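In the form predicted alone, a lone chain appears below as structure tokens.
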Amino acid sequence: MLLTITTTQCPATDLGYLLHKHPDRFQSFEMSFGKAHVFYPEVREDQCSACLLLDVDPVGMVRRQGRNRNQNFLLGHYVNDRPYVASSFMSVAISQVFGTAMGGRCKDRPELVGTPIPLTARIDVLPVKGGEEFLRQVFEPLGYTIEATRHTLDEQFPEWGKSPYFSVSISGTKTLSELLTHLYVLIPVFDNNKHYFVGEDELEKLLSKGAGWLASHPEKEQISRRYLKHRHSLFREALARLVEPDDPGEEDGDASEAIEDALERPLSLNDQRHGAVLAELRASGAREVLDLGCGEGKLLRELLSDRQFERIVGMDVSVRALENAVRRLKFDRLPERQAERLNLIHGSLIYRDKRLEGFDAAALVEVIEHLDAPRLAAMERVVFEFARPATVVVTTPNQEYNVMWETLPAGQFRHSDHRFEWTRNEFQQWAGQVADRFGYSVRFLPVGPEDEKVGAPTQMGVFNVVTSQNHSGSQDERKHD
């Protein structure tokens, strides 16, 4: 099976930098199912092509399966089209051989990564269950033009009719990362078969690689169903998590959270963030605390372990997240006294909710960046005007720090559902306006390792209610802090 990627963007030889494969070399890579080879059939300033050729060893695969293979279909293991058609084998090869390019990373020429360029991908051959119409239904909404040639079953016996095999070319102005990601997800969808077991990890791959485009695709149901090999439970979960939120945070992209967590994990940033928030909540003397946008309950677990907090309420707009929180907190196994301290409620931060009133403190940990401007304004009133806890702790990403992560493409947010990521100055301006408007003071603290130029990865604002007598001094207090 052969995948050929071509660009006419001058200098076209930049394709070598993007793919991290030198045009003058023929390179081979060992795969679990055979070998993958990368070579460049043409290298010119005005046009450059790179090929990924797979040499699948079906006999070796059957031998490696040993006793686990299905004894009723031995012939099918040896006689099949797997060595000759683009299938899930090609997706695996793309992720392993072109993984750096698919991830949007280019150490030598980082400015190339985020630049859309004219690209054409030719696949020889692609088994398509659904024919040319299905090809167009899948690729055209993503902005590609299609050329497809259907092959006969046997040229010597035309009466046998057409085969399900196509030579397919798709063309569009895309970043290379986008093209490879689309191919990685969609090639097995056309084949409608996979050479390995499909489980939870495949669901996470689909949501991760489909972030930013799959949820809005008109064929998302068919794509998800086929990618997950018709595993109905996984398919239902995929659709639930792909639904575009009507409320902020509704089914808000667990796959993207995995990407964000992967970026931040080397720093243990999540632990540092929760530690900083807990320290401020403890210092405030609060006994009754809200965790707004509590997600799956990571902060709730920490609050529950501290006896200072006598009443803890976690609220989230996602029912699924609350169900996961119940599971993770082992709510049904909690001692009676602990269970009485904790309550989980379903609700939205854009509507006034009397259940939020009367608390000493509230935490919004990595929540505000998921809200667009109108919903952010609504949240400000819900929390700071109506609920009005004495202390509000807000954390949000520091956009300036994103350059410190090599795996994060330039200009991209840490999470696909983020509506913004603010610089330190932007966050401080917003927080200052909120504090002035609703009668709070605010001070700012960095969270995580701090760089001299770009600051810390997370920024935190701690709001405290001020009385009417000293409200006029809040601006000076902010400057002092």
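Keep in mind it's a predicted model, so treat the numbers as computed, not measured. The first residue of the shown sequence is 1; numbering continues from there.
Quick note: we don't show the form predicted in complex with a small molecule, though the next part is all about it.
- Heavy atoms within 4.5 Å of the small molecule in the model of the complex map, among the stretches 154 to 162, 365 to 373, 334 to 342, 396 to 404, onto 365 to 373 alone.
- With the partner omitted here, the residue from 142, 112, 211, 350 that has a non-hydrogen atom within 4.5 angstroms of the small molecule in the model of the complex is 350.
- Taking 126, 92, 317, 228 one by one, only a single residue has any non-hydrogen atom within 4.5 Å of the small molecule in the model of the complex, and it is 317.
- Although the partner is absent from this view, residue 289 stays clear of the small molecule in the model of the complex, with no non-hydrogen atom inside 4.5 angstroms.
- In the model of the complex, residue 188 stays away from the small molecule, with no heavy atom inside 4.5 Å.
- Mapping the unseen interface onto this chain, residue 274 counts among the residues with a heavy atom inside 4.5 Å of the small molecule in the model of the complex.
- Contact annotation: residue 180 falls outside 4.5 Å of the small molecule in the model of the complex, judged by heavy atom distances.
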